[in-house]
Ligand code: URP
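The chain below stands alone and is given as structure tokens, in the form predicted on its own.
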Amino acid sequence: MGTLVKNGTVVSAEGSQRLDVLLDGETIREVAEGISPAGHTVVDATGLLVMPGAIDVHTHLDMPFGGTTSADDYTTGTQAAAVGGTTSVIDFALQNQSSTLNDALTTWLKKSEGKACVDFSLHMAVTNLHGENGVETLREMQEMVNFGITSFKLFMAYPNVLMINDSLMFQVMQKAAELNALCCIHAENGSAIDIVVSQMIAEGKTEPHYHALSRSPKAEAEATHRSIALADMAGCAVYIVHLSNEAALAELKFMQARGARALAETCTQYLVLSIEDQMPGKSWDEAKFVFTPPLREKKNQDPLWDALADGSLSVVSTDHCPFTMDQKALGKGDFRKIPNGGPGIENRLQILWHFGVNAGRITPEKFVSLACTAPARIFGMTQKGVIAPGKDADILLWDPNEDYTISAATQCMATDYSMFEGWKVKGNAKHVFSRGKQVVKDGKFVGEVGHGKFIKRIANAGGLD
């Protein structure tokens, strides 16, 4: 006896078709027209779109930052993901300057143990090399790949905390190339930004608004170009995280056109929020929108949407790193001390559908590609991202006609605000299945804490081989 999703329209990255989907245990048994309901539990998907469970490849759950820890742990964060239609997340394990990669892995596995409500994987951030010529850390990279962690994060920002220099970056890229792994890059020129930040503070420019103004789009563009050029020299595939503006996009396209194996994501906040609307410099409340890279001028939004449509940008993620306003208050009077990050894991698909599909910027098929299929392909999640026999039964039943008002009062995320407070959107997750278990019913979480398991990923150089 299985679960039969019947009378819906299956949407894939390639097309849409009226098909039934039969779930058997944790996997999909059959996808076909007219599957007999005999002996099965039937879920009526009339009027609904049947999609692969979405994948958010950029989250920060239970992460120490700026003297505090992100507000969502693996339980609240993955519950919010599920309610939003996301059935897999890839979080970041952070090596600190003095620890090893194995130390970081142990720490993050402990954070997630018995807590995740949907499946998860990890990227490994490399912030220092240990041993003569970095030999110990480079050896650990092989151990990470063997364990199923096949992507490595490198920060070009946050000096003296997470930022690495070009020498370390190049060594890691060479090793990643050898391992067929992917390097994920936070691309901002942290050294130049630090000088501008210091100058602003000296001039008494301390409010949240100045956080955005201190981090120039040009600093992101320069680092985007430099990281891709170094990766190209090293023979490494590279993935630029949270690309936020037209100047950085131009550098990405320039290098892609010259054969560099470079991919990139943007995040929902850069597609719909702006300095003009959210951070005009009028109140402390603007601390809600302090994240890095910062909000950009509205003129950057259309080029990002166009790049999603034409394939220059491959994925939409969230960079979900939530803090409450009490936590943000650590930076009152000094924007440098405001914990960087915002909540978004629950609203990603609502925003992408309403402002993308409903607005005619992308098709439903492109929506599935950006949120489900491309993330699985790029990050080596071979059981995820498509609806096909033998794949994990991660299924999203999407109601394209549901009117929904986003509000902190009704969200699952652990913050006391929403970046999209009061926004009215059309389109929402109705039912969600994670490996065959229903975790969301009629928009409400009904899953079990601890259901989520660690996903071992393959090393496939971002699917660019």
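Don't overthink the numbering: it's just position in the shown sequence, from 1. Since this is a predicted model, take the numbers as computed values, not measurements.
FYI, the form predicted in complex with N-(aminocarbonyl)-beta-alanine (URP) isn't displayed, but the following is about it.
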| query | finding |
| --- | --- |
| Stretch from 315 to 323, 382 to 390, 200 to 208, 165 to 173 whose residues place a heavy atom within 4.5 Å of N-(aminocarbonyl)-beta-alanine (URP) in the predicted complex | 315 to 323 |
| Interface membership of Arg296, N-(aminocarbonyl)-beta-alanine (URP) in the predicted complex, 4.5 Å heavy atom rule | no |
| Proximity of Tyr158 to N-(aminocarbonyl)-beta-alanine (URP) in the predicted complex, heavy atoms at 4.5 Å | yes |
| Contact label in the predicted complex: His186 to N-(aminocarbonyl)-beta-alanine (URP), heavy atom within 4.5 Å | yes |
| Non-hydrogen atom contact His60 with N-(aminocarbonyl)-beta-alanine (URP) in the predicted complex at 4.5 angstroms | yes |
| Residue among Gly190, Gly341, Gly356, Pro375 with a heavy atom within 4.5 Å of N-(aminocarbonyl)-beta-alanine (URP) in the predicted complex | Gly341 |
| Position in contact with N-(aminocarbonyl)-beta-alanine (URP) when the complex is considered in the predicted complex, options Thr292, Thr75, Gln301, Thr107, heavy atoms within 4.5 Å | Thr292 |
| All of Phe65, Lys153 and His242 with a heavy atom within 4.5 Å of N-(aminocarbonyl)-beta-alanine (URP) in the predicted complex | yes |
